[in-house]
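Heads up, the chain below is alone and in the form predicted on its own; it's given as structure tokens.
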């Protein structure tokens, strides 16, 4: 049911059609690709995939196109993960800032650049991998991204390439002048026997409603290793739709770690498909919604070939009137014999108003597999809490110890060591009720790290 003052699809799209904008597909996305929105509508709760997530709050706002904003290196450095030596790509409101970024172009066409630059300078590579998955047809937001994304990150690793240090993609939202929508289209290709680590972090610079729409296409070729980390720390008036589509080839290894600490509504969709034998996928996530925030994780792993392995571990701590969703599905085709797949989703509710909808699923058509799934939701163990208090630990510290231990296995799985240390720091400070300066956002009014009572 639509809320009062909810804008229509036509009004939402008008900003893209009426104002001049250079997109990856051309001016206003009009390049003859037949992208239109006459047959696709906003996702709504009548759809199974969106049954527990409403976008009505997003549609209460009229978003304008983001503007290029000048930013100094000192400010960007505040959001650089302490101790992380990395190549850096910086974007603000959907636009690339080359002066604050570290571009790479080496022999064999190893590329770490913006998507727009790769399209201009290496069109043969861009055209081969941009829209190489069917991500653009997933839903309204991925179609919108395909039509009107202004830029994004393009990482191309030729065969046998090994990046000597991670790539840190920093995306800023600045809604100082208006409610802003930013759209990023990322493309990552890891060639045969290549290896890389990527960290994609999201931050807010001002207090205002913003919408960030991200679509990421990833191809992991034979025997390649790719580690992809998402850190979501935008302010508590920020909305984010983040969709990732991954195609894996023979004996490839893909791992993902999604850390969601703040945002009004955050939706993460990660879809994986094993295109050949021996693929391994490891997906981890943690989320800490507070107040009336809503965090949604939708995971789909498609085992289409034999001898594949996938593991999912997602954990959440939900406070106040916040809500969370976990929907994890594993599909095992008839030909995907010898598949090993495991799903685990565990949640702690800190108040009687907190809510989570958890639905791990298995759909199996092969007969020689080992697959498992499980979900638990509860409150802090009162006996464990009493035990710690009986040993002289006050209640706040006892709760912090138990909640930190609850998240510890997901945190320890983070492979980028400085990111792991930062996540530990942020979560411990938040659980202790200590204010976190910088790192997440520059918004003093953001309540994401306020004390958990």
Partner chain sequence: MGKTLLKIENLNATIEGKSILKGINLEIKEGEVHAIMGPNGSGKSTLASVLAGREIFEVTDGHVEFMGKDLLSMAPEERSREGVFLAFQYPIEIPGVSITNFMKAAVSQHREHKGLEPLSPSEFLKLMKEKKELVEIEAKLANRAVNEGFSGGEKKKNEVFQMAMLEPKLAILDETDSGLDIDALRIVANGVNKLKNSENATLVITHYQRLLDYIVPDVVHVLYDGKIVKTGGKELALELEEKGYDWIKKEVQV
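Quick caveat: nothing in here was measured; it's all calculated off a predicted structure. Residue numbers count along the first chain shown, from 1.
Below: the form predicted together with the partner chain, not depicted.
- Annotated contact segment (heavy atom within 4.5 Å of the partner chain in the predicted bound form): 385 to 393, selected among 61 to 69, 385 to 393, 413 to 421, 43 to 51.
- Mapping the unseen interface onto this chain, residue 425 falls outside it, with no heavy atom inside 4.5 Å of the partner chain in the predicted bound form.
- Among heavy atoms of residue 56, none comes within 4.5 Å of the partner chain in the predicted bound form.
- Taking the partner chain as it sits in the predicted bound form, the stretch 395 to 410 comes within 4.5 angstroms of it through a non-hydrogen atom at 395, 397, 401, 402, 405.
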